[in-house]
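Just the one chain here, the form predicted on its own, laid out as structure tokens.
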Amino acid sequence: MSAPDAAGGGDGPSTGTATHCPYCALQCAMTLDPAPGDRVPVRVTGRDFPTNRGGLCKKGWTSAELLAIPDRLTTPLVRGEDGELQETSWETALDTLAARLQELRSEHGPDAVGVFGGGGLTNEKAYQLGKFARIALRTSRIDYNGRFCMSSAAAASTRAFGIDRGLPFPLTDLDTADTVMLLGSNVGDTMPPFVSHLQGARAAGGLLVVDPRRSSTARLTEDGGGLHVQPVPGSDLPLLLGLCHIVLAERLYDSEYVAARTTGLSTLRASVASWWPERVQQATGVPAPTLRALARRLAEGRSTYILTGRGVEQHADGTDTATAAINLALLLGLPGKPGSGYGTLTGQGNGQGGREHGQKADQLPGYRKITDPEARTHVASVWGVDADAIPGPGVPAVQLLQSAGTDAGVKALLVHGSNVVVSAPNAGAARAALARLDLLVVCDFVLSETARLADLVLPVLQWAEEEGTMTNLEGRVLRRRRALTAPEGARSELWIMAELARRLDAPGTWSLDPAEVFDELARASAGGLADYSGLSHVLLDEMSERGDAAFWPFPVGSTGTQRLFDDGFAHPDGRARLVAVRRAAHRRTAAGDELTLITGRLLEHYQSGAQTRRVAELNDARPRVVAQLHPVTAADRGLTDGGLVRVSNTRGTVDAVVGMSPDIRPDTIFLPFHFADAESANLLTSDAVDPISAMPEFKTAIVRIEPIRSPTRSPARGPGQA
């Protein structure tokens, strides 16, 4: 999407700073030029780059607004005896924090302190945060908000391929595809420049979109552009089992590929034998002829890709659903085949890099398992500690939050780059858990909804004020460059961690220089699945100047790895695993006047909305939560377009504006999750988790709705209140 009034379009020379957008994992390239005299400090122009080709979405074009927001934090805030946040000095804040952390550790043990990270942190900060938790705090209790985003896809890819990289091929490979199936992803709204890579498939009539809503992406299939399949929410797993059944029963699978490059066919065949099209039709609502047409188009495509997103992964059976999609791709011979493939679309800006280098509860840098003795020895040698000093695996995000303030749980929580009271499932329970803590510390550049609850708030740098690296959805390592000086009082999280590590007498070195931290990350990742050892800031800058790309793995002496599976998969025998999965235990479905809730994103907003709700142009376009309902559903309940509706279940209540649309199923309601307080969709979502990935069940909460006769707003309700 190009801005109509943007000068240059990103193709001409620029004297500004070449960097990347602060939002999603597409990491669109942009240039920041000084804007003296303007209200914002820099002017944004799109920069020609393979992922965005000079275009940006609304969020990218308005990203400079974030650098001039009036409520920017520049002074540490501490909660006073009167219960209010008040300004304090950095020295006092850090001295007090270090002393309090030491007290809690002495009284309750090191695991009394927890750390909650974010998928928007640079690689350097994500790496240092994992190191800080484990050797400065000596806690195992670290996880991050990527657990809510990519965990099921990552778990499925790891067990099938032996490695997890969102797209194991460059995004531009999609340009020549004649068939692309998108499952549970609305790229038309979440990452609009991505759509340019779908035009070949659309022109060939091969864009296949699986989504309960007729989203902006699904509408691209109209007028001969492809096929939109609109299943019952939560039925993606039986749909995929059915497609595998058809591919096997009709001998549409690539038998030579399957025999040469996979294992597990006989078990898979038995597991899908009972999922004939008519049974799948009953489970999904998708007609049997449509299922057959979908399978045949996938098999007949000259260049075919299957891509999954959060819509099929944010479920208590999300890992198995992503696995079923991988099984389908393997049967068709797509992964590692030139011009074809399987991938999953990372959401957060550094969702890929953020999970590679130590924020996850069970991982060390380089995608190493924290339980692997060799991995522990290697990383310990880089950190300058004994391997026994590194704690074992911690607990995933939902469990970490649920444990807050309990006898066996964390007593203190340090939050970096996340707004958990908006983004966590069952948000009322998450808020209550944070209230039980003895100490809540939040690092942010605004007073987010989570920061408002904190005992201590530490102001940090924004994207255009820092150096570092990000890893986008393709596994491409990118340079984030500083374009302006931070306001007085804001500090780098690298500095904060170094200062705390000194006060806590932590071993090892704690550099303030992002380039030096990256060099240490590279050494720590050497030999791991996500090997960055051949990279440095200097090399990345040189490669950028030449127009070269750096895809991991990038070991010393290599030129990187654009396509992961050309020569085999990451299991010892080089073969991918066909993993038999079966439909999970029956989840409760809507009955009577109940509806199934779907949550998702809007074009104008991002994640918890802490950033985009502060940008006037974006917030004015979408100022409050709108409940999308089918006109028939609304009429049956006496609702009018633009009226108010109360959406509720046993976990909470949300009041929203009614937005009627024929683009949604009559048995379904859609709420975006970017809004806060009484408008937070996650007040309604479940914190039941996938047993493999610990991904929460975000997508299929059962709710009731009723009209609100009075415009009076009601407060957010906590757990157990309907």
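Small disclaimer: the values here were computed from a predicted structure and weren't measured. The numbering used is simple: start at 1 and walk along the sequence shown.
FYI, the form predicted together with a small molecule isn't displayed, but the following is about it.
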Does every residue of Thr19, Glu467 and Ser533 put a non-hydrogen atom within 4.5 angstroms of the small molecule in the model of the complex? no
Closest heavy atom of Trp383 to the small molecule in the model of the complex, within 4.5 Å or not? no
Gly600 versus the small molecule, in the model of the complex: is there a non-hydrogen atom within 4.5 Å? yes
Original post:
Just to confirm, Ala524 within 4.5 Å of the small molecule in the model of the complex by heavy atoms?
Top reply: no
Does the small molecule come within 4.5 Å of any heavy atom of Ala515 in the model of the complex?
no
From Asn145, Thr633, Thr323, Gln363: within 4.5 Å of the small molecule in the model of the complex by heavy atoms is Asn145
Residue within 4.5 Å of the small molecule in the model of the complex by heavy atom, from Gly114, Gly234, Gly341, Gly428, is Gly234
Assert contact_stretch over 187-195, 402-410, 289-297, 97-105 against the small molecule in the model of the complex, heavy atom within 4.5 Å, equals 187-195
